[in-house]
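Take a look at this single chain, the form predicted on its own, given in structure tokens.
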């Protein structure tokens, strides 16, 4: 018998049989890991097994390559806290869908896990306003980096300096300065101000800038992660971007927005 216990974030649940479900967790030490959980459809448990909620999970199986079973204890109910904020709930669903779609099964990605926890906690701070979306973009950049597709936004690909960085090359994922990129501006992605070197939260309250950030990570996730595995971007992420566009006044977010 193989058994382990780990902290995890619920990414999704697929019904299986009468009252049971295949539970997909993002765990810190065991990566994205599935298992059969019993009673997930009961009135008592339905609220626990929602995407974005945190649990302590014990997984058991006779053999390592089997589906195995989960027994979970809830530790943090993020979904209920965000229930009255449709945009944040859409962001939570998007993050869970990206993790479920992009990350290989049973491969540990502790930094992605820690970043997801930090993002979920950030979403619960009302004083931040929409700045949590900047955190979401940074988390997706972390996903790309952990999968081997890191963006280099610290200096210009053409000049090597970090002055007046304004664009990102869609080919290399490297930053490009305003002057070096001007002749090719229609072919470059816009670099949000909150991703400039040392910027921390700069620009995080600007809807245009946040939208550019979502366009930037969405472009590289689709090209390097989803398309590579012949998958479409998760519908939950598309809905999140669409909802953000609906509730804010933005001028766009594509190439050179």
Partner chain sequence: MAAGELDRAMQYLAKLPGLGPRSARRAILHLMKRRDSLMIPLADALRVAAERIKPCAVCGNLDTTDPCAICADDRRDGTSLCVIQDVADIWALERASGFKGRYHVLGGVLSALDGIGPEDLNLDSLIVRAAAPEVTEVILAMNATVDGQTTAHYIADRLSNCGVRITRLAHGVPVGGELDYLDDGTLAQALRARQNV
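Not measured: the values here are computed from a predicted model. Numbering follows the first chain given and starts at 1.
Not pictured, yet referred to below: the form predicted together with the partner chain.
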Checklist entry - With the partner left out here, if you bring back the partner chain in the predicted complex, are 164, 169 and 178 all within 4.5 Å of it by some heavy atom? => result no
Item to check | Which of 208 to 216, 29 to 37, 46 to 54, 60 to 68 sits within 4.5 Å of the partner chain in the predicted complex, heavy atom basis | outcome: 46 to 54
Checklist entry - Can residue 100 be called a contact residue for the partner chain in the predicted complex at 4.5 Å between heavy atoms? => result yes
Next on the checklist: Can you work out whether residue 186 and the partner chain are in contact in the predicted complex, taking contact to mean some heavy atom pair no more than 4.5 Å apart?
Outcome noted: no
Next on the checklist: With the partner left out here, check for me: in the predicted complex, does some heavy atom of residue 80 sit within 4.5 Å of the partner chain?
Outcome noted: yes
Checklist entry - Even though the partner chain is not shown here, does residue 86 get within 4.5 Å of it in the predicted complex, heavy atoms only? => result yes
Checklist outcome for this item: Checked 1 to 23 against the partner chain in the predicted complex; residues with a heavy atom within 4.5 Å, sequence order, are 13, 14, 18
